[in-house]
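Coming up is one lone chain in structure tokens, specifically the form predicted alone.
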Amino acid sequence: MTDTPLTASKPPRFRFDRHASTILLLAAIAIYIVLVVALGQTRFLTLDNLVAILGRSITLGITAIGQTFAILVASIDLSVASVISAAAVVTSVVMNGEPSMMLPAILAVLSLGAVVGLINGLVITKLEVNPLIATLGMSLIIQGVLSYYYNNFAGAVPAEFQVFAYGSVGIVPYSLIFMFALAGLAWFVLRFTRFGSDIYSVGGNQDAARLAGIKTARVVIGAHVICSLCAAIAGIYLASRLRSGAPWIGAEGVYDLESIAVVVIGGTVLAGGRGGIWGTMAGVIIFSLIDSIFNVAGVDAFVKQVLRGIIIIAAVAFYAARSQRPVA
């Protein structure tokens, strides 16, 4: 009887592309802590300040959750900023300070978001218009209509509705809880439902997905409906926070480009098929930490914009370069 030598299995190699968002988030946290301690500003290390940092990213976070769905199917949505503006205006105009109009206003805004997403998806899938052009065109249409009818804050939300933005459980705002609950729901859809599986299949290889029997057009349309619905919800939140809506608040926040940036920094590939919600949430927190780092360091507002652009490009380029390396 002969002994068969046992072959030791190799431990799995560390893949940077799978942990990029976590590494970048930890780096941002470390830089923030070191800077605050070095400047003797330890008051910025309190739990209250941490909640405040997260709270500043709620609109971007809700929008980015929807943008993740669009990018995962190898599409993109540049209309989200205009949808946010339209949603905020419709919310405040329909409510007009009346608590009894809160539910009708929310239903109207969600319907608006669903219709915009449906049109975007149909134009992309049926007319075969490039997603950048289709959603940019939709953005211009919405912005043009808003600018024609409104040039300032319009309507008002009742005090009861402002609880959405200003109410809290202890020191944690309702809106922050809502954002993470929405992220959890989106994660569940992507991880455990047939629709979520189809999204990854369509984003990975649309032709192969079609041959496998997946109705690819429906998946892309569904992703865009979710994206626009999230933008509409972000607009509702802004109306609650600002107590009114204005036609420029979406574009002023640059939520279209920033939502794309945080999704990509979070590890979702622009080509589609790879990524996820929690990476996106990490990207949102990274963005918020970067702003806080600049504020603590006293960086000029214009210089801040330049540095943010450089950091975004560098982070995405570094991530892309590492993720494309062959694994030995």
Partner chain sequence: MKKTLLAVAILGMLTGSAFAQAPNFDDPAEFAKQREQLTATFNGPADQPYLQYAGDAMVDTTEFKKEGPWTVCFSNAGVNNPWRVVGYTNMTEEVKLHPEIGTFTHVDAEGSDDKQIADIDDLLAGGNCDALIVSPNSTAALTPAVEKACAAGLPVIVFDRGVTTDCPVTFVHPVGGYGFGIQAADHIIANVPAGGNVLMLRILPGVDVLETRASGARNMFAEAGLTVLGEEFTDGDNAKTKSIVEDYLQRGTIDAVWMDAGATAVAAVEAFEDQGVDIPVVTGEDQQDYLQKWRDLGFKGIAPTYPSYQWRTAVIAAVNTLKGEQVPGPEWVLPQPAITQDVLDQYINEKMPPLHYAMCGCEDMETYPEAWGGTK
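Residue numbers count along the first chain shown, from 1. Source: prediction; values computed, not measured.
Unshown form predicted together with its partner chain; subsequent notes refer to it.
Visitor: Is its partner chain in the predicted complex near all of 178, 188 and 273, within 4.5 Å of a heavy atom of each?
Guide: No, the candidate spot makes no contact with its partner chain.
Visitor: 141, 208, 163, 171: which sits within 4.5 Å of its partner chain in the predicted complex by any heavy atom?
Guide: Contact check passes for 141.
Visitor: Find the only residue in 249, 225, 219, 236 having a heavy atom within 4.5 Å of its partner chain in the predicted complex.
Guide: Spelling it out, the residue with a heavy atom inside the cut-off is 249.
Visitor: Tell me which of 194 to 202, 254 to 262, 208 to 216, 180 to 188 has residues with heavy atoms within 4.5 angstroms of its partner chain in the predicted complex?
Guide: Contact-bearing stretch, as computed: 254 to 262.
Visitor: Would residue 112 count as touching its partner chain in the predicted complex under a 4.5 Å heavy atom rule?
Guide: It does: once its partner chain is placed as it appears in the predicted complex, residue 112 has a heavy atom within 4.5 Å of it.
Visitor: For residue 151, is any heavy atom within 4.5 Å of its partner chain in the predicted complex, or not?
Guide: Residue-level check for residue 151: yes, a contact with its partner chain.
Visitor: Report yes if any heavy atom of residue 90 sits within 4.5 Å of a heavy atom of its partner chain in the predicted complex; otherwise report no.
Guide: Heavy-atom contact with its partner chain at 4.5 Å: present for residue 90.
Visitor: Residue-level contact is defined here as any heavy atom of the residue lying within 4.5 Å of its partner chain in the predicted complex; does residue 44 satisfy this criterion?
Guide: Yes, residue 44 lies within 4.5 Å of its partner chain in the predicted complex.
Visitor: In sequence order, which positions of 111 to 144 have a non-hydrogen atom within 4.5 Å of its partner chain in the predicted complex?
Guide: Sequence-ordered list: 112, 116, 119, 122, 123, 127, 141.
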